[in-house]
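Okay, here we've got a single chain as structure tokens, the form predicted on its own, with questions on binding and movement later.
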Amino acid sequence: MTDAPASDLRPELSAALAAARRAADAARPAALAHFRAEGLAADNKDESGGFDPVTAADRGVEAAIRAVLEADRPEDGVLGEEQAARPSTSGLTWVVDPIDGTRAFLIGAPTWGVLIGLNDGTRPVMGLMDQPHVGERFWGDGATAWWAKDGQAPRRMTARRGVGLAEARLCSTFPEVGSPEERAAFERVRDRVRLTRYGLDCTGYALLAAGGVDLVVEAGLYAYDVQALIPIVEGAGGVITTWDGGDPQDGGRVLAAGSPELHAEAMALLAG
């Protein structure tokens, strides 16, 4: 994987970024061994009657990431989706979603990603999103954000500005995830934008940072769904909060926008 030098992020994050890259490199073969494999099965973690799938890929990727982090960063904590949390003695905690978009993974759609974030005890300070199948990697630290494709030079990302709701491009997992009330709020935004695409999971946030998407509206998220994405969106100049403007790091209802102005327009509609 061709990445920018660690100095492209804040210098104090150089060692952490190198560890995140090694973890993402280790995750790639663990994920690709199962992607589009014949007979891939999924267990259902949702006991309420819904469908929240987990596959051997989710478990294998998290194990591969944890093995790297435990060897390279033994004092850091790890919060992952599939295994018990490891407490931190350094004040830093890695937040890992091994396969963000397991539904997409299960059907063979290439919109899933591997999420590796770093939290300093107050907020996410660095995030990396890797897509092994297409060979793309996105990373950021809240000040800058970068994208690279295998074999190509990295490119700094900037979110799109100067776009109002009428011209905006929106991504969401609705109506697949969310309560009827949340869906109705989402639809108030959807009905005002130019284009809506569904089911892109973490890829929607990465494309917002890259300037192709203007809004992402989600609900029902967990910390590991969003923490790696916050520094990427913010590093590209975007805004990411809860629907009421709060801190999104614990998940829940999340709104990301390419500009503060567009964020304010969408937040007003979500509030109804």
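Just so it is clear, the model here is predicted, and its values are computed rather than measured. All residue numbers refer to positions in the sequence shown, first residue = 1.
Just so you know, the form predicted in complex with another copy of the chain exists too; it's not on screen, but the next bit is about it.
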Position in contact with another copy of the chain when the complex is considered in the predicted bound form, options 213, 31, 240, 69, heavy atoms within 4.5 Å: 213
Contact residue in the predicted bound form, chosen from 81, 130, 201, 141 - any heavy atom within 4.5 Å of another copy of the chain: 201
In the predicted bound form, residue 73 touching another copy of the chain (heavy atom, 4.5 Å): no
Contact label in the predicted bound form: residue 147 to another copy of the chain, heavy atom within 4.5 Å: yes
Partner proximity in the predicted bound form: residue 182 to another copy of the chain, non-hydrogen atom cutoff 4.5 Å: no
Contact flag, residue 163 vs another copy of the chain in the predicted bound form, heavy atom cut 4.5 Å: no
Answer range among 118-126, 105-113, 73-81, 86-94 for contact with another copy of the chain, defined in the predicted bound form as heavy atoms within 4.5 Å: 105-113
Residues in 161-178 close to another copy of the chain in the predicted bound form, defined by a heavy atom within 4.5 Å, in order: 169, 171, 175, 176
